[in-house]
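Take a look at this single chain in structure tokens; it is the form predicted on its own.
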């Protein structure tokens, strides 16, 4: 899947005397099989841009295209179906379901307990070095382990685009680098979009887009 955003603006408090820009006049194209880094300090618009590109927010102005189709042509339910089937979403907070085991959290997007799905989930957990925690609940594991479980959940449905918002924020540098290495292995089947303030996490990026105060820096 190719995703293109043209002339994107996101404005908060639009009807107030003083409005706040999430970002201004962004044009971006995400191609299959590449890692794109979105780099910038906290508050520069990285997360907001990811939410708009993934269809979780609507831009105030500008257009997002999925394979040359304007996302405005999709209904809310159609956009939700695209996110579920085509996208893997990794947030700063893990949003795991507390009463489910790690394994069941990973399987939640596919809503299946079939043998092949369980084996696939365990393989991903093994790659992330937390397969031994599969039967534990989120409250029984560390913050970094919960983030790895959330990453496994994002990978379970073979997404065509992986949106990762500060995916290594709760990990130390070595573990963060290892997670980026694992995500990079999925580049043969998906586009990777990684928002981070840590440039060392983007050594393998094909492109880096620098944001400052909601604008791209040339």
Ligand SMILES: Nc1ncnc2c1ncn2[C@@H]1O[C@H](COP(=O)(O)OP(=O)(O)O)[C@@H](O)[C@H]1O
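Positions refer to the first chain, counted from 1. Predicted model only: the values in this text are computed from it and were never measured.
FYI, the form predicted together with the named molecule isn't displayed, but the following is about it.
- Though the partner is left out of this view, residue 46 does reach within 4.5 Å of the named molecule in the predicted bound form, counting heavy atoms only.
- At least one heavy atom of residue 20 is located within 4.5 Å of the named molecule in the predicted bound form.
- Contact annotation: residue 42 falls within 4.5 Å of the named molecule in the predicted bound form, judged by heavy atom distances.
- Screening 152-160, 34-42, 175-183, 65-73 for residues having heavy atoms within 4.5 Å of the named molecule in the predicted bound form returns a single hit, 34-42.
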